[in-house]
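A lone chain, given as structure tokens: the form predicted alone.
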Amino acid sequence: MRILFLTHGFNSLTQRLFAELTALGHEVSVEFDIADSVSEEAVALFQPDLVLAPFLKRAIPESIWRQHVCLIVHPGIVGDRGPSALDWAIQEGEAEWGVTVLQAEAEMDAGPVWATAGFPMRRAKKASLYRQEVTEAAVRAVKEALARFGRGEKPTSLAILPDVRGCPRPVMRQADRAIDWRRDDTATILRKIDAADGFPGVADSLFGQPCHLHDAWPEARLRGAPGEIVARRETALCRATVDGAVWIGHVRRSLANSASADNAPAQAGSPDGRSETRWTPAGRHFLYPFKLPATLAFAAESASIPEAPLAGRFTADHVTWQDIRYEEAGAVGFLHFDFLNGAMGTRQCQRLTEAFRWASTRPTRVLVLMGGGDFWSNGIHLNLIEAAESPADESWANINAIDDLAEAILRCESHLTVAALAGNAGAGGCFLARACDAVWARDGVILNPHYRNMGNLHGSEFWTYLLPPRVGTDGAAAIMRHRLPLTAAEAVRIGFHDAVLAGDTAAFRVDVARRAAAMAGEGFTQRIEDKRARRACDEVEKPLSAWRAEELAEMRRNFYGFDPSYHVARWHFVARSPHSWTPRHLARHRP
């Protein structure tokens, strides 16, 4: 079928559906929902069999849904209506939730149902549930809806569906999310921050300054007066509750008069005056506040807060917040690194390199780099770069730090290394993973192995050394030019990855552990000798230092050269600027 995606943006769910439906043979084109007239023009140009809306923030124009079947992917159970479906489900502690594919009509989220898929809820941030359970359920429901549509079936009216548990819900406001630190227990506070995570965050204050809280984790040991900031560790601050404490990993400093706002700050030049300069980290001035690690956003204030270092540094401690942790099972070591949105700043790369080198001294044979649950890695940290006094200098420091990590992996001769991708990966993160001897990805993972969308960055992480031998020179050029997401299965088919494993996260981890243990067993000695020989041969032919120097020469031009494309693209990414047009590699219906 010809399917037009009408979407607010090309987010993780949209990318997954795009890749899945394309693999099934459908002809898919994308149009960003910029204005009614633009959407109407896209429909006229593409002449779709149906319109699919995987991620919309407003209603589809009547001029479209009256003339075409339009399927809405709603992250709620049957009968649920409203834009805060997942927020309410998390905050109210729902045990089961789901995704409904319904047909667009005059009343939002009230049309007849084409398909639905459910899932058990876990204690997790909204963004994590969306990327995992919601996405998997949406893929199942959309495929069922398309199959029904293809067979000429009709959707089912809500009025005749039995046991409709959902109901209309209002937009969740900051008043609904407000934390009372004197009364709310840890579980309640976690649900409130989890329900707002990603966007919009919970309006609160730290050190007497308004901000929005994100990225909360429970703490089992530390205590203090409710609301008191009792400790700091790396990028996070620990705040006491009535029955324990929580770690706040990231915050967004608030503009004046906007602490209660649920939407993004107004753009520059807005009549309410909120676009004036309010916040000056490292001497730079911003029209927009954006999400940063808590200890950086409040750098001066948090300096006096006592540190709470981990007893074992990298050894896993499951009752506190820890962004890098190490575990062992027999001859296999597992290195986890769970950085928000997969972004890896300079200091995070340095700490991970230190952890990797330490792990490679352990009496094991195989070292598995697990990444995080939602993302393995997305490369350099654009928010931290934007917050730096010199974004160009911080870009340079960050790319060198991640290259140091990639080089440490490539030069490791004591262990066989595996990148086990339970979550998505993008840009430099894809090639950092490829520095390992093997890459295994969970079925359902989405990869974006290219840099061009960020202002035509050249990229580093030794991709020029690692990619062509895997996919060929033409294949490497195609990947860099492609600018579209890859599924794990497609990555294996073209030779970029080595294996696609179970789609269920728990089953994936079991499979990884089993395969890694087998790799550490019979035949290990020969494999490690072969690895050392290949590396030595490659080093003689062309040293890693030469590959790195060539890539960094290109990156230096991106950061310091006359073309500001990278800096402009980074600013728009960090500021979450609204789209003004749909890129032509997505809008295939446009000439």
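Just so you know, these numbers come straight off a predicted model, no measurement behind them. One-based numbering along the sequence shown.
One more form of this protein exists, namely the form predicted in complex with a small molecule; it is left out here, but the text below deals with it.
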Can you pick out, from 298, 321, 326, 375, the residue that has a heavy atom within 4.5 Å of the small molecule in the predicted complex? 375
Only one of 401, 108, 454, 410 has a non-hydrogen atom within 4.5 angstroms of the small molecule in the predicted complex; which is it? 454
Wondering, does residue 573 line up within 4.5 Å of the small molecule in the predicted complex on heavy atoms? yes
Do residue 11 and the small molecule come within 4.5 Å of each other in the predicted complex, heavy atoms counted? yes
Determine whether any heavy atom of residue 198 comes within 4.5 Å of a heavy atom of the small molecule in the predicted complex, and answer yes or no. yes
Looking at the partner-bound form in the predicted complex, is residue 15 within 4.5 Å of the small molecule by any heavy atom? yes
Name the stretch: of 341-349, 219-227, 165-173, 502-510, exactly one has residues whose heavy atoms fall within 4.5 Å of the small molecule in the predicted complex. 341-349
